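Two versions of one and the same chain are coming, encoded as structure tokens; call them structure 1 and structure 2.
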Structure 1
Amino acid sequence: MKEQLHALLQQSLASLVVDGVLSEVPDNIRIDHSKDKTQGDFASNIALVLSKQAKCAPKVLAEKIVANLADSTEIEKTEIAGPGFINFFMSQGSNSSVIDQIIDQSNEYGMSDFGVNQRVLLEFVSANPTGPLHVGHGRGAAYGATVANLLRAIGFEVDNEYYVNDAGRQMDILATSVYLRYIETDKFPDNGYKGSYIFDIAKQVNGIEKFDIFDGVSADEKDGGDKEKHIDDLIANCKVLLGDDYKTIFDLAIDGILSGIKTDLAEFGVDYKQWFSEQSLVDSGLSKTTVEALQASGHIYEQDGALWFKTTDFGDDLDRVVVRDNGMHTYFASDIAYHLEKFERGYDKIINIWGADHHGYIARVKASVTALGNDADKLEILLVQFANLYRGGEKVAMSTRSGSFVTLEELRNEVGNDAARFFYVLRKSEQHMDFDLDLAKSKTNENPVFYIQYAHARICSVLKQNTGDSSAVDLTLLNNEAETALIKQLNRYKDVLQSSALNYEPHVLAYYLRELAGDFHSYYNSSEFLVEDATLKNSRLQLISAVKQVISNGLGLLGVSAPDSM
């Protein structure tokens, strides 16, 4: 319907170009769903946009545009309003035809082929496997999974990926922490992982000799020493004394934590196509050859014994080290290789979802992409802000270091997956959010998840009570205020879905569903559905069936269930 209006406007503008009123037809003609019913169903600001080009007042131009519009049975009337908006009032039949479309296409309704034949790589969460996911990761998980769903709904082929940082020092600290819990010493490094999950992993270790790995190590911070050096010494001792057994502990630690993360995400409705190992980049030699490639193209220089990548040539603030003076590759070096590898897989679009605290890394990663001859515009980095938890009106204190954080699993158990998924995407991703645990748990009208689910359940309940023949339907009977509003809302769904997806903004869909549910609840209170007149009854049931379908489809994309009863 909107497409037809678009074509009609384009035609009209083209004829005005022939008449010499306009010099050219713009390629971005905007048509919006009117926010107020007195302004019709659709509105265009095109006359305001082009008034300068036409050298006449917007209202005058609007009249010319309307006069040149071809006749259409879909349009009941047009009006010029305000400073020069053109308002389109569509015929009732044109508006209500959406109901049939929704019923026909059922679960598929709303989908489109906008992104057909385009492949997207979406990397998200990618938390270090040094402990269970916490509520901060949960937001990235919910956001990423929903963005993937939205993009798929409009035709993109999306591959979800989790980058596993299984190489490097943090993993050694993890393994050493596990070993220390295994030998049950009362000494523990300041920098070790202190969480209770370390004990659980340590319990699975058996048959490995218990050495005193504190022999000869430098002092820890609490004893006036350097905590970094202290733990590095412990790791070194651990490796030497344990020999092959070190790898056994190491693998046990990472496998244990990673499988926990996988289970957690799967239960949260978040699925991955691939878990990409950082270590695999080292093993395959790609990390090394990537640095060599940068060297060959003259982007690397040596200083103080380290190799620096001249990212400032590509807009970064400072140059960055890729190989340390001890010969170790930095995390950044792996990241360069990883992104190169991503580009080589031939995706049309590569999206990374990062915690907002990593925003400082965007410039250097994009620099590396450009330096290696790829198009950095293909790489989009979306940022997700932290979530603050509130319970009983008080902010829940969290600190990763001390191990006192609320895990994603605890959150899911406390508020349920539906509420967690919905609350996480209810706010714009780059916006700080306050997550009110009490509200998410409440089964009252304060809770938007239940408000929407309730609308769905209510419709199911009504439909269940219907008896009799349902063949006689006349959608033109749906013309009271509540019905008109509801039909108008249904007509918006496809556009909402598309813009929500293209802008990576799930909250737009979440807000829409709340509005749709609200319009339904109003309708429910103002009109009776199961009336004597069979044709009217069937028509109303068709309408609310369509509402039920759209709620179900929309919630599905958000990863939230649409129960028949609650």
Structure 2
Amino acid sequence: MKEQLHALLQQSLASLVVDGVLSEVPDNIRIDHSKDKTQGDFASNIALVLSKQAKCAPKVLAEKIVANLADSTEIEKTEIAGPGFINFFMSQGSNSSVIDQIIDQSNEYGMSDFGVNQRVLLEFVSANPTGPLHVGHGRGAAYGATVANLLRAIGFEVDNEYYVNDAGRQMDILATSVYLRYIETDKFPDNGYKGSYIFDIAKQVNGIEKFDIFDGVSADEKDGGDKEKHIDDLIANCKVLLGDDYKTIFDLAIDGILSGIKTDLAEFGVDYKQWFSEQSLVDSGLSKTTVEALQASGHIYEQDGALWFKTTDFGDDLDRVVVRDNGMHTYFASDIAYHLEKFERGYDKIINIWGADHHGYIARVKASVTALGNDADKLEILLVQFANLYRGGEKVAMSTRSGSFVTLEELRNEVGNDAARFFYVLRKSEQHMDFDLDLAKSKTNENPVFYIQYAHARICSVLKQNTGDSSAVDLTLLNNEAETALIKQLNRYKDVLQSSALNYEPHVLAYYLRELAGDFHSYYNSSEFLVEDATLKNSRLQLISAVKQVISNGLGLLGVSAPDSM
């Protein structure tokens, strides 16, 4: 219906151009669903937008636009409200036609070709393979996977990618932590990885000589020293004493953890086209040549033996080190090379989903994109806040380094994939979220995912009870208040889906599904479906079948199942 209104408004505006009232017809005419039923089904602010061009008050222009609208059986009436909004009241037949569209298009209802022929690279989660995924990573996983689903639903070609940080100091801390557990020393560094999974990896180490790697090592923090210097000394000793065996432990640790991450995400319904290795940037020399290219173009300077990228030239608050005084490339140097490689793949849009603690990295990464001659506007960085976990009303304390955290696997086992996926996207990604475990497990109307799934199961139950001929349908009979509300909600779905996708806001779709489920439950409680009047019965069953289809389609995009019974 919005497309029809758009065409009618364009035609009206074109006639006003011919009459000299307007100079041109804009391409973008905004038409919104009305929230208040007294204000019709749709509203447009076009008169307010064009009043300056028309050199008259918006209300006067609105009257001229309405006067020039072609006759349409789809529109019952129009009203001009406030300073010049045009409200459209659609005919019952026009509104209820959505039911047949939904039934006919089935699983594809709501999809469009808006983003056709546009390729998107979506990178998300990308947690360091230093331990299993925890509940914080789970939010990024659910959000990223759902954004990908939404974009694909409106025609974009989306490739999901995980950037594996398998090079650098954190990996060395991991390998050294595993070796220390292998030799079963009583001394363990403050800055080592302490989780139980480190013991599990250490048990897989066989036949490697056990050395005292504490000889000549500086004091740890608990002994009055510097914990960073202490762990670096342990890493250096490990590499020297173990020789080739160090890489054996290094690879065992990373491969074991990364394998667990891949399994965890796959079981959570999150798929990736590519797992991109940071080490590949080092091995290929791209990290080194990228820094050299920036150096040649005058964007790098040397200070105190280190190489600095002048990111302040591009709006960053500080310049950033890319090569330390010891000759080692920083993580930022790898990020620069990685983003250059991304752009060279020819995507129309590149989206990174990062934890909110990486907010400070945005300016420097965009600076590197611009400095290397690429369009930084093609890169969008979306931030996801951490998820706080509550059980029994108490916040669950978590610390990754100490190993005291709830893993994504544990969360999924406790509340199930459906509740986890839905709860994670129920709030804006940049807002903090409190994940209530007790609510997620409850079988009550307060649990939004249960409430929506129960609506779907209820409809399935009604449809199973139906007997007799279902051919006689008259949708004009669907005119009570509950039916009108449901039909209006169904007409919103396409817009909600497109808005959720283009604004990267899965929570908008989640809230819509909860509203739709609420309208259905109200209808269920106020009306009888399997009535004696066959035509009325079939019409009502057609309506709730359409509701069932939209709930199923929407939940599918959120990565949540639509059960037939509960």
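Note that the rigid core is defined as the largest set of C-alphas that superpose within 1.5 Å between two forms. Everything numeric here is computed off the predicted structure, so don't read it as measured data. Along the sequence of structure 1, residues get numbers from 1 upward.
*Asks:* Quick one, which of these two is the form predicted alone?
*Replies:* Answer 2, the form predicted alone.
*Asks:* Residue 498: with the rigid core matched between the two structures, does its Cα shift 2 Å or more?
*Replies:* Superposed on the core, residue 498 moves its C-alpha less than 2 Å between the two structures.
*Asks:* Against the rigid core, is the Cα displacement of residue 46 between the two structures at least 2 Å?
*Replies:* Yes; that C-alpha moves by at least 2 Å between the two structures.
*Asks:* How about residue 541 - superposed on the rigid core, does its CA move between the two structures by 2 Å or more?
*Replies:* No, its C-alpha moves less than 2 Å.
*Asks:* Quick one: how many Å does the C-alpha of residue 24 shift between the two structures once the rigid core is superposed?
*Replies:* For residue 24, the alpha-carbon shift amounts to 4.0 Å.
*Asks:* Following alignment on the rigid core, what Cα displacement (Å) is computed for residue 62 between the two structures?
*Replies:* Superposing on the rigid core gives a C-alpha shift of 2.3 Å for residue 62.
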